[in-house]
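Form predicted alone, single chain, as structure tokens, below.
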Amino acid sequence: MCMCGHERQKFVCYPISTAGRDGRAGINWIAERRFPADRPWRREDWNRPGDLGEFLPDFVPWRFPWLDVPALIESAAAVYEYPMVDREPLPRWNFGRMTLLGDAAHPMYPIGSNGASQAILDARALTAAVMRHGATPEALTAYEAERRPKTSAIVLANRRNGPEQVMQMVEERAPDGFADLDAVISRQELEEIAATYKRLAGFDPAILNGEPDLFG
């Protein structure tokens, strides 16, 4: 997986298939650009065809010995547009005998791989609550009390770029580039930022391994 850039312009890519006999593999990529807040824009939508003219020119200089970003973009079989959107944390999830889970409960910027993982953690918490209280409103209350504050914190953290803030830190400290990353940001800083976000998002191995087995 490769991540390049900073909070105003970013490129992410990773293989989604094994390489064939010709050495080529399917690559998924994301070219992210931040536009001025007053720029007119289309509302969020899924699977809307993208227009290369709106973003490719900004990535033309991004040609590295190990990755030709504009060539990768231009070789794509299809390009789609996904505006980055989230919602304010909700004041409640429960409505009688109904509750919310996953993106319905906490839509957030797609940072830190939280789209599926937080839904999984929601499902685990809801299962545990139902096992303790039965299929009752009390179970939903317990579930919301555990998960809503945690996911609200992630929504807000992702607006500050989550763990990817390290890319912006390097951009600000070395706007003209660098030869030695360790001279720009220390390994300790990188590890502390990653560890802090893992704890916030519930990904810390010690925390996960310490959770009781629901079905053991």
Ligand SMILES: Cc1cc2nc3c(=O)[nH]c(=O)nc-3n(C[C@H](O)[C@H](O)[C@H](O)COP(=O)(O)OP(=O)(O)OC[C@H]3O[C@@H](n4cnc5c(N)ncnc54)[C@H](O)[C@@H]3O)c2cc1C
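Residue numbers run from 1 along the displayed sequence. None of these values were measured; they are calculated from a predicted model.
Below, we refer to the form predicted in complex with this ligand, which is not included among the displayed structures.
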item	value
Partner proximity in the model of the complex: S113 to this ligand, non-hydrogen atom cutoff 4.5 Å	yes
Residue contact check: Y82 to this ligand in the model of the complex, 4.5 Å heavy atom	yes
4.5 Å heavy atom contact, L101 and this ligand in the model of the complex	yes
Heavy atom of W46 within 4.5 Å of this ligand in the model of the complex	yes
Location of this ligand contact in the model of the complex, chosen stretch of 134 to 142, 90 to 98, 69 to 77, 103 to 111 [non-hydrogen atom, 4.5 Å]	103 to 111
